Each structure stands twice: as structure tokens, then as C-alpha cells.
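In the block that follows, a single chain appears as C-alpha cells, in the form predicted alone.
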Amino acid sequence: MSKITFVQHDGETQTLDVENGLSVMNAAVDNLIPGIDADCGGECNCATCHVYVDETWMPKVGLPGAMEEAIMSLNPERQSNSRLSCQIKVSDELDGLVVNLPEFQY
């Protein structure tokens, strides 16, 4: 299990204990985290699970793959630390991960 903290656009936080192997998106959807719509169900076909990974965690989370990069290239709210939460798999290495949610999902 790893702790993942979701920070809403207004600063409200929610920390979850998440089973390793799940995606950050699955954790959010399973726990009704507002702001993660996950319209495609985690298939990397939309950007409605977009998050901003806390900069200190970027080296451990890594950069997006080609498919994720293609989807994110269309997102007007993209930043250098943007990731699709469906593509971030929870592991012991990510225990303590902090992700910030954008004001809107596209």
C-alpha cells in the first residue's frame, strides 16, 4: 500500500491508502475524488484524468510515453509536470506521491 495525496484546485487535500499495482486514476475513481472524470476508463484515450505531479515526484513518476504524449499534446492546460493519472501505476516507490488536480478537465 502506498499513500497518495490528491490536492484539489482550491487547496483541499485527500490522502488515500492505495493498493500497489492500481493506477492513480483507479484510486481516485474508486474513492470518488472530484475532478478525475476518467471518461475512457483508463485506456489513455482522453485527458479527463489529467493531474499535475508535484515537481519533487517527477523523477520517480517519469515522463509520459508516446501514446500519453499524443493525448496530452491536445490539452490546453498542460504543464511540464502534467500526466494522465491512468498511466501512473502505484508502487512502493510512489508512497507519499502528491498530485494536484486542474481546475477543469478537457
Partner chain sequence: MSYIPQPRTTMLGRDPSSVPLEDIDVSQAALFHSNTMWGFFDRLRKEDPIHYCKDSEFGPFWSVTKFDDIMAVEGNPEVFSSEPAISLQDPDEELNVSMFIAMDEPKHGDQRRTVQGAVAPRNLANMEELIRERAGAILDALPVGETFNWVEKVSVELTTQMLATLLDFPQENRHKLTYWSDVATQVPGPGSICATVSERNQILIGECVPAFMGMWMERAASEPRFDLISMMAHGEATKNMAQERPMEFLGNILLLIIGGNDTTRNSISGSVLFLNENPGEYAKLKANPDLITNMVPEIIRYQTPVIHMRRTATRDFSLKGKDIKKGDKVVMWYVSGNRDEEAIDRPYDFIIDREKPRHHLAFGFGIHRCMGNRLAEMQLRVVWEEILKRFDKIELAGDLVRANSNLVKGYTELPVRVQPL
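Keep in mind the model is a prediction, meaning the values are calculated, not measured. Numbering follows the first chain given and starts at 1.
There is another form of the same protein, the form predicted in complex with its partner chain; it is not shown, and what comes next is about it.
Though the partner is left out of this view, N45 does reach within 4.5 Å of its partner chain in the model of the complex, counting heavy atoms only. Proximity of E55 to its partner chain in the model of the complex falls outside the 4.5 Å heavy atom cutoff. Within this chain, N100 is remote from the site of its partner chain in the model of the complex, having no heavy atom within 4.5 Å. Heavy atoms of V61 never reach within 4.5 Å of its partner chain in the model of the complex, leaving it off the interface. Annotated contacts: A28, V90 and L94 are all free of its partner chain in the model of the complex [non-hydrogen atom within 4.5 angstroms]. Residues A70, I71, S73, L74, P76, E77, E103, F104, Q105, Y106 of 69-106 are found to place at least one heavy atom within 4.5 Å of its partner chain in the model of the complex.
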